[in-house]
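Before any questions on how it binds or moves, here is one chain, the form predicted on its own, in structure tokens.
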Amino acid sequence: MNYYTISQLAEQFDVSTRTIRYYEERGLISPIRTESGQRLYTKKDRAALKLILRGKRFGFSLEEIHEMISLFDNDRTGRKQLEKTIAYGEQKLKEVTERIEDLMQLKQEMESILADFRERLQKLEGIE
């Protein structure tokens, strides 16, 4: 079986070893230990780490990520994992859409205020 050290995974995914240990503490990955205590990660751990990092990038909580990963262990067909991932993904997409709408409104407000300030400045410069 092919194993990875914590340093190898940290380098591959451009994260700190502390980050990987944190995910281990949270129960998201479970490396085996050598007699000397060195962590060795399997391909399954590597795949889980990849999913964790992707999930974090998409804004999922560690609890949501843990649930999605755990579902595959309980249902090897992957169906339940896909169903849950789709449900979480749809919710996350809704949140992103709402955030974009809020930011667009904020942008319009800022543009309006800036236009007003520019107009005021032009009037003041005309007085001088």
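Numbers follow the displayed sequence, beginning with 1. On a predicted model such as this, the values are computed, not experimentally measured, just so you know. What we label the rigid core is the largest C-alpha set whose atoms superpose within 1.5 Å from one form to the other.
FYI, the form predicted together with another copy of the chain isn't displayed, but the following is about it.
Of the heavy atoms in residue 62, none are within 4.5 Å of another copy of the chain in the model of the complex. Using a 4.5 Å cutoff between non-hydrogen atoms, residue 11 does not count as a contact of another copy of the chain in the model of the complex. Contact check for residue 25: every heavy atom lies farther than 4.5 Å from another copy of the chain in the model of the complex. Contact check for residue 82: a non-hydrogen atom falls within 4.5 Å of another copy of the chain in the model of the complex. Contacts between stretch 23-42 and another copy of the chain, counted in the model of the complex as any heavy atom lying within 4.5 Å, involve no residue at all. With the core held fixed between this form and the one not shown, residue 82 has its Cα displaced by at least 2 Å. For residue 47, a C-alpha deviation below 2 angstroms is recorded between this form and the one not shown after rigid-core alignment.
The two forms, fitted on the rigid core, differ between this form and the one not shown by 2 Å or more at the CA of residue 120. In contrast to the form presented, in the model of the complex the C-alpha positions of residue 84 and residue 53 spread farther apart by 3 Å or more. CA of residue 83 to CA of residue 20: farther apart by 3 Å or more in the model of the complex than in the shown form.
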